[in-house]
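First, one chain by itself: the form predicted alone, in structure tokens.
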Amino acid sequence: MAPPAHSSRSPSPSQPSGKGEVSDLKSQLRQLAGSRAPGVDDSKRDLFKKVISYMTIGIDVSSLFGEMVMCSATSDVVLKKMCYLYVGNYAKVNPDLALLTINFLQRDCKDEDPMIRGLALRSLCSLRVPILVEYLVGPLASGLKDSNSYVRMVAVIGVLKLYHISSVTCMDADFPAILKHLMLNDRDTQVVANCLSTLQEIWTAEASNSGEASRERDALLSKPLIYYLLNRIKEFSEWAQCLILELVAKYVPSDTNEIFDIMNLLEDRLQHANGAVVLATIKVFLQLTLSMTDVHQQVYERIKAPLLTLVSSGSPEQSYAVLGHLHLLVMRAPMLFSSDYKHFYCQYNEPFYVKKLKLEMLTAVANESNTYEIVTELCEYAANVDIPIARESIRAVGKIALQQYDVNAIVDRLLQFLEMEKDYVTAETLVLVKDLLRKYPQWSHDCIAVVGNISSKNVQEPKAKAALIWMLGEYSQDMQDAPYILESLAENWDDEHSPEVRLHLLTALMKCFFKRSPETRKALGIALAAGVADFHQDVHDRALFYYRLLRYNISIAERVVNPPKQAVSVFADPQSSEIKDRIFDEFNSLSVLYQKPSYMFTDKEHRGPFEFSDELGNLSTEANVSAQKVEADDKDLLLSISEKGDSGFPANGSAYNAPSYDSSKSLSASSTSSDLVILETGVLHQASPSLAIDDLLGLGLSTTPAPAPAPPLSLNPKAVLDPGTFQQKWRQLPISLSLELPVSPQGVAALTTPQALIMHMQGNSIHCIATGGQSPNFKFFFFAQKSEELSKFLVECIINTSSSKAQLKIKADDQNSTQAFSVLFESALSKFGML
């Protein structure tokens, strides 16, 4: 028998089985409330622990509120703490019950024990009930004047809590002025630090509405206050030191002497054991010397040793945080760190994220003097059993080669990687060889000799296969088997799922066609026909563009697709200099670890490339065009040139075939050859528009029109399905198709607003009936209906943003249409940028 739907947790000894046990607790607490018998506090402790344990696992014990308050009349600090925890948990959701606690909390605020006074004041300010604000002013005022530093420290933070509950009450009570006095005169450094933190937050919030608050905020950066805090900085805790140093980093000294005074005061903070204090001190040094180039460079030399020491000590997490900041400095001044490259060698027991950052730094510090040692070390990592590190190390070797350091030796090592017969090594190396050939075309002979021995069947990764195809097209005149390899790929077009590979294949065949046309024309015809019918919009558009270009003029097509190229001098930097400067200004913050300015991951209007995803979703809904209409438009466009020019081109009967030929218009072999002049160099020149181009593409001169393909699957944009029917169908229908698809980084970013995906899919006639889950797992249930039938498709889509995978389960009334619907669904996801 199935368990009840409302409970999936098996009862445990510490969990009450019903209301009876809570009632027993209530009666026991009531009995102990007024008792003064010996050992009563121990009994109360046992009951309080049981109440707190029930509350922790989500059981409602708010009915015990009155009894818990009555039992709190004790001098036992442990009982007080548990009672305050209970009260704070239920006060916000039950404001009426919170009124019961005011009297005993106010009474405890006057207790002889400073620990109880502080705990009571903290609990009173943590109630966060607006109707109780009037009861906070008196205890807070008394707490700020308390003789015990712990109570004063709690009271200062209580003022900030009061400000967030009722800013008017806080300002009317003149608490900021009291805090300012405490900050300048209190002997306890923790009280001073709390005052500084509270005043910063209050005056920053008030500055937009009050000129006086703005002046007070600026006064925190005055010279007397800065020097007062710096002279006492050794007395503060580590957290407080970081707070003060963050304030000093914003201070603008009046002259260079003042800069050196501050740096001399903080010199010993660079040797502090706490990494946060060291980083905060470094930020002060860097900000103060930005306008002093020579001194700024000396600062780099001075801070290098403390940072390298922190990297080698502590936990991997601390090492990563320090390495992130060191990475930023290395990128700004790589020459200053070039002699310390051995500190960035990877240790066997370091986690992947630390090793990856070290590899980036090795790439940055490479120069003429250390390239050989660094590349030798990286080549050792390429044979590592840790595949991600092996990949990163190969990329690092390629980046160093692109910096023009010891290119000859590096190219030889990269070509040796291709002989390792490891799929991932071959894949990464092919991508790098492609970039190297773009920058160093003089190495094409050596590289092509090795690349030509690699079978395309052994290369499965899309980027690697695209790189191999690019080389086959670009250097087809030097690779004997290039046309035949490309032809086999074109014949297996449907087996290639990556749009990137299909795009490169189209371009490579075009380039090969201009160099070795007789061997390539059949493959190009197959690829153009398949590309025009491709569901991916970019592939479809490029194939259509190439097809029209060839029909118009082959010479112009060659100048467009395969013009003379100059070697690439500099590859684009993924980050602009403005972004890097902004990150540097936010030194000692998460911006350095994320490698992006704070506005990109904090403000809602800066959520990456999909910042306006809601608007994009609306546009995609409004601009949705059915597949049938697109195909019809394409057929019209294919005919537009021939009809307007009256050049005699016949009508296109199929999206998968070039124009069919009428037998009365077919040309003889002699007339065909007379229209085209094929030079010995393999370049084609078209004398005039003619039907010969169709035969040149290997599409045949059949007098019988090719049979029309099956009509594409069309969906009903106004399909309706109620949730009950969906659930019933989902239980009854078998799974027709199960897929796992990779999700692109853009797709992960887009899921910050899942509604955009829902609206986009609706624009493609695929409707969402339910959503669920939270980051990193999102679940969507979609349905669609054929346009002229009642047959429906049901989809469960689970997207995991941490693993970048999407799992699809498709169920259908018509099993024969599942594959066609799957293609439509994937195409819709691709258009959104998900795949």
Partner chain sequence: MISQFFVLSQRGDNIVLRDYRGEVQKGSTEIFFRKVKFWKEDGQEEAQAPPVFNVDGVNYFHVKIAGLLFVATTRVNVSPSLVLELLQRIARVIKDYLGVLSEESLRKNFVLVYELLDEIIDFGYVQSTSTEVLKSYIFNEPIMVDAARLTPLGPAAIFMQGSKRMPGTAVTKSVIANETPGKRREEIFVDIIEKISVTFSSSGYILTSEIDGTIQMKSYLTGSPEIRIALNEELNIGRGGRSIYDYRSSTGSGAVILDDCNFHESVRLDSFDIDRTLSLVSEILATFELEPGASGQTADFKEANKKIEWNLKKIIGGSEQTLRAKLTFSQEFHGNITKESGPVSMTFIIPMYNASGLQVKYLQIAKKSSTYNPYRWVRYVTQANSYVARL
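Residue numbers count along the first chain shown, from 1. Throughout, rigid core stands for the largest set of C-alpha atoms superposing within 1.5 Å between the two forms. The structure presented is a predicted model; accordingly, all values stated were derived computationally and were not measured.
Just so you know, the form predicted in complex with the partner chain exists too; it's not on screen, but the next bit is about it.
Participant: Heavy atoms within 4.5 Å of the partner chain in the predicted complex: which of the stretches 131-139, 739-747, 467-475, 151-159 has them?
Facilitator: Flagged stretch: 151-159.
Participant: Kindly indicate whether P717, V823 and S827 are, all three, within 4.5 angstroms of the partner chain in the predicted complex, using heavy atoms.
Facilitator: Checked in the predicted complex: no contact with the partner chain for any of the three.
Participant: Considering the partner chain in the predicted complex, which of F584, F726, F535, Y320 comes within 4.5 Å of it through any heavy atom?
Facilitator: Checking each option against the partner chain in the predicted complex, the one that comes within 4.5 Å is Y320.
Participant: Give me the residue from Y300, Y381, F104, Y251 that has a heavy atom within 4.5 Å of the partner chain in the predicted complex.
Facilitator: It is Y381 that has a heavy atom within 4.5 Å of the partner.
Participant: Find out whether any non-hydrogen atom of E421 is located within 4.5 angstroms of the partner chain in the predicted complex, and reply yes or no.
Facilitator: Heavy-atom contact with the partner chain at 4.5 Å: present for E421.
Participant: T281: heavy atom within 4.5 Å of the partner chain in the predicted complex?
Facilitator: No, no contact at 4.5 Å.
Participant: Is C242 a contact residue for the partner chain in the predicted complex, using a 4.5 Å heavy atom cut-off?
Facilitator: It does: once the partner chain is placed as it appears in the predicted complex, C242 has a heavy atom within 4.5 Å of it.
Participant: With the partner left out of view, is L119 within 4.5 angstroms of the partner chain in the predicted complex by any non-hydrogen atom?
Facilitator: Judged by the heavy-atom cut-off of 4.5 Å, L119 is in contact with the partner chain in the predicted complex.
Participant: Taking the partner chain as it sits in the predicted complex, which residues of 247-267 have a non-hydrogen atom within 4.5 Å of it? Please list them.
Facilitator: None of them.
Participant: Once you overlay the rigid core, does the Cα of G58 travel 2 Å or further between this form and the one not shown?
Facilitator: It does shift by 2 Å or more.
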